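Here you get one chain, nothing else, as structure tokens; it is the form predicted on its own.
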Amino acid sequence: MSGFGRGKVILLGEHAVVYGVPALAAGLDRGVIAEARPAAVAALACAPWGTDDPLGADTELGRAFTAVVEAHPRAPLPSLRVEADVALPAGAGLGCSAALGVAVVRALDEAVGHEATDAEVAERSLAWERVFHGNPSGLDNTMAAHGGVACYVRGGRLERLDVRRRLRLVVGDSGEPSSTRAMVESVARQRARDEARFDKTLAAIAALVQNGRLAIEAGDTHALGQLMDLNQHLLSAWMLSTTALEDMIGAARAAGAKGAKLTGAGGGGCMIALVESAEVGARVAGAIAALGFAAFETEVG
């Protein structure tokens, strides 16, 4: 009676996706595993956080758990205890909350014998995401359910890409928690101050995403890396980067990365670097670790 939700990285297009611009995202091979079992008290327990929230608890996890339980197609559900093993850092731009939500939804489905498509799981887990992020784009929960590399447009439209060659990434974690809600609100305030300038930036990001899609489908990692660097410049102009993120990005580029940028909401969290080989990946990860930050390598596609 278990379910799995993937973490994700955004290759190009974060924040702009909130305003209807497509984004390119990739599902990670790590995430959250949740198991549901009959119990006297319905609750959600999450390792390694040490949380244990009963249904109806006035906490973020309690409210999110209640939202997906009460909205289940077979509600009211029997009393179930869900235990989740979380293998992603929270608030780091890797879609931890969405991966947890998808894993919980799937565990509940498995426990009551309800079959659902990936799209249905993604749709139901959006209620979970709203508890944490207020006005989420829907990208994180969609990628947590589907995986792969895809072009996503707000509203749930997902188009899988034909990836000619798997992409090798190094993920660096600043250790600084980030609030997606706060960063989205910050960007919205900038839009309100100068909408014309903001719309020009959106158009530039849309062009990066379109060219990034072509680069991925052609297996052109050099072009994709350049586009990632350009996207980072625009995200920095929106004041989403931090000193720690910039230090890791600079170290990654100096160590041979094709391109590097923050991923997710910004204001902390993680960055990603595109590398050509395992040898370069190890060098980039080592350069990030030398700065005192955690890093890991992964392949997507």
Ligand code: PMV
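The numbering used is simple: start at 1 and walk along the sequence shown. The shown structure was predicted, so the numbers you read here are calculated from the model rather than taken from an experiment.
There is also a form predicted in complex with this ligand; it is not shown, and the following applies to it.
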The unique member of V184, A87, A71, L230 whose heavy atoms fall within 4.5 Å of this ligand in the predicted bound form: V184
Exercise: R6 in contact with this ligand in the predicted bound form, heavy atom 4.5 Å: no
A265: touches this ligand in the predicted bound form, heavy atom cutoff 4.5 angstroms: yes
Contact test in the predicted bound form: S79 vs this ligand, heavy atoms, 4.5 Å: no
This ligand contact in the predicted bound form: P136, any heavy atom under 4.5 Å: yes
Segment that reaches this ligand in the predicted bound form - one of 110-118, 200-208, 165-173, 87-95, heavy atoms within 4.5 Å: 87-95
Residues in 17-42 close to this ligand in the predicted bound form, defined by a heavy atom within 4.5 Å, in order: V17, V18
